[in-house]
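First, one chain by itself in structure tokens, the form predicted alone.
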């Protein structure tokens, strides 16, 4: 073992994280020569509450990690203190967020989570390693990332991203099924904009077996009227069938996102990531927006430029940009 990586994970007792931790610890993500230290953050115990709480559950999760006996897992730290969780972290996966409850407006959720991510951004700036790569998973992830980034003075914009890889994976599978090909045959998938039901899963720039997806799937009415809304609303469809939100697939999307940062993107492909805009495609500078990206395997990415959108795609792009603009306005008091 020649290298050690510290990985901080918030919301560590939750179902999404439960689907991630063994894979992070096992060597799958960082390789068999890298030792992993997991630094797991949960909310403090409430002495007024009865029964199992998040920290109790987390202790059980650590027992399971011990019982896996991974040779690559060097240590596990559990804490309710962000300063301790983020201390020296090379990767910070911000999974925990307050869930939307019945009767809540999206603005209410943005306000509650915004305050959480203010504190986490400050703690990251104070304690994380200089090379930290921060991935925001907790929803609304684009705007949570925006808030945390703006409160983490000193951590460059290029080291922040939010999760659209789950949507990317959903879209790739849907196109593959329609075309009757393996998932791996679908490349150059892009999720533009927000991780919400305004996102635009771009079929016009996607490839199937190296050719435009619209040549393999010529049913434009299906692409516009079925495929796009299916991906936009997939999370709600999972909740309807499962009774709770996506966990396994969200965990897998997060793992794929991190793998995408530590493994260079193939020359003929790209990945979907929400990153801090530098003005690409006319998006305001500083907004966290979903783009097609290429990575170098060292935690760095570049936005793929020069893609064109047709009238349908431009309309969807503008709609998701409008929503993110409104979200940014609603949290402007939290942006430091």
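Residue numbers count along the first chain shown, from 1. No experiment lies behind these values; they were computed from the predicted model shown.
Separately, the form predicted together with a small molecule exists; it is not shown, and the next lines address it.
In the predicted bound form, at least one heavy atom of residue 16 sits within 4.5 Å of the small molecule.
At a distance threshold of 4.5 angstroms between non-hydrogen atoms, residue 175 is out of contact with the small molecule in the predicted bound form.
Among heavy atoms of residue 197, none comes within 4.5 Å of the small molecule in the predicted bound form.
By the criterion of a heavy atom within 4.5 Å, residue 163 is counted among the residues contacting the small molecule in the predicted bound form. Exactly one listed residue, out of 114, 96, 193, 121, brings a non-hydrogen atom to within 4.5 Å of the small molecule in the predicted bound form: 96. Checked against the small molecule in the predicted bound form, the candidates 61, 287, 304, 54 yield a single residue with a heavy atom inside 4.5 Å, and that residue is 54. Using a 4.5 Å cut-off to the small molecule in the predicted bound form, each of 41, 138 and 250 places a heavy atom inside that distance.
Shown alone, this chain has one stretch from 264 to 272, 22 to 30, 42 to 50, 287 to 295 that lies within 4.5 Å of the small molecule in the predicted bound form by heavy atoms: 42 to 50.
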